[in-house]
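A lone chain, given as structure tokens: the form predicted on its own.
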């Protein structure tokens, strides 16, 4: 299940070093709100979420007030230099389990404390069954601009293995409802590599997703996480995970099918109809921007300082209501750690990483991988390392070599 990393003690008042605050507004700034509640728990999920009957779910009744209290803390901590939010992302969990009025109140709270920059991207994740035309219309009127729907599969038996409760066809209907409500962008998520999924199943899911005409599509390889119900089924021999060759085939199929449909990759797991449909909030993470994460277990980064909140909703809420930081710990990475992260995150993106960020050993490795067909020649000639399709399939070892 969800775990927090180790780190240094965090100040009770949440104070940040002056150096971290000095560059506010020079980098992208976003706000993330973690809504840790779900109607049911999917068998593969190890996120920090709580379902009815679990201890943490009892905190749902006071959740909105607690987030607003953390936003007060964020505004005090960032001070007069706090920029307007360029992106806002409600993730989970299932944010749309909250009433539209509650999500509106939270977004209004962000507006009141920080303001929204012109053209701000405001996203909420949703399960297809947790929205309907009335809720979507209310969210759009409140200022939400982007909807990210967890489709995962179009095949009933694959959905059953994943413990997903929506019916096939419901995600596509939700996309149409979001369009009718006026959402500027709609994204779908798919999962491949589910035990028992066939090549035809995966192609059917891709085709069904494309028929809905989303602006953005993310595909994720299923990972059997320790402590999950899926892991127990695998351990007992009830389910058998696919081979690495199958995972490679699924990824290649996604690239070929989506590219043929006019969608281009801009991040290892994400395709879009064009740059306007890229998820700007996630790009803020990958490009080293600043963001404040509110909610249980949420992570934040401002000016090189990283911290993460207490996981359990009760402990998190008690701290923020007392006016204290809910941070469980924090860290300030050194320059070399920052450089390594820049390489690792940059290689996830179609824009790649500048060769001059690499060490001599890293540039030598880049030349070898260029010759081996793992880096794009035109981008390399322009001074950047960008993975080819084959390079993306071997991203982990390539990244380790270039980061050396």
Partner chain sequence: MSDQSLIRNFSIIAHIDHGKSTLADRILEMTKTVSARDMKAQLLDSMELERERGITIKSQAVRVYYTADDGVTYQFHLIDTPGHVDFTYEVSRSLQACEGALLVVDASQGVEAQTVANTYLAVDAGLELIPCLNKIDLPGAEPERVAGEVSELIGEDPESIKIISGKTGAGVHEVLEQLVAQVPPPDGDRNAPARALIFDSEFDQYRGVIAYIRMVDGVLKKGEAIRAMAADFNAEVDEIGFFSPTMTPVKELAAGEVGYLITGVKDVKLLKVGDTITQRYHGAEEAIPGFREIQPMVFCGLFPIEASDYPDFRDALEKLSLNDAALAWEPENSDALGFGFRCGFLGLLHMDIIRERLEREYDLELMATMPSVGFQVEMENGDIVEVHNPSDMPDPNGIKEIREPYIRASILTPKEYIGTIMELCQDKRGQTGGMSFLSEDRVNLLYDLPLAEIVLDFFDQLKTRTKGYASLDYEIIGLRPSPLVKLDVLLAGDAVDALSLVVHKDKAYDIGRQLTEKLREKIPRQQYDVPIQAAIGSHIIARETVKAFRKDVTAKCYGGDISRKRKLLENQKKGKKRMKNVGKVEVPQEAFLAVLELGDSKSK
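Owing to the predicted nature of the structure, the values given are computational and were not obtained by experimental measurement. Numbering follows the first chain given and starts at 1.
What comes next is about the form predicted together with its partner chain, which does not appear here.
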* Of the listed stretches (22-30, 42-50, 57-65, 354-362), which one has a non-hydrogen atom within 4.5 Å of its partner chain in the predicted complex? -> 42-50
* **Triple contact flag 368, 372 and 399 to its partner chain in the predicted complex, non-hydrogen atom at 4.5 angstroms** => yes
* Structure fact -> Only hit among 306, 179, 76, 314 for heavy atom within 4.5 Å of its partner chain in the predicted complex is 306
* With its partner chain left out of view, choose which of 285, 183, 278, 265 has a non-hydrogen atom within 4.5 angstroms of it in the predicted complex. => 285
* To do: Spell out, yes or no, whether the shortest heavy atom distance between residue 200 and its partner chain in the predicted complex is within 4.5 Å.
  => no
* Classify residue 141 as contacting or not contacting its partner chain in the predicted complex by the rule of any non-hydrogen atom within 4.5 angstroms, answering yes or no. => no
* So, in the predicted complex, is residue 38 in contact with its partner chain at a 4.5 angstroms heavy atom limit? -> no
* residue 15 within 4.5 Å of its partner chain in the predicted complex, heavy atoms -> no
* Using a 4.5 Å cut-off on heavy atoms, which residues of 333-364 contact its partner chain in the predicted complex? -> 333, 336, 337, 340, 341, 344, 345, 348
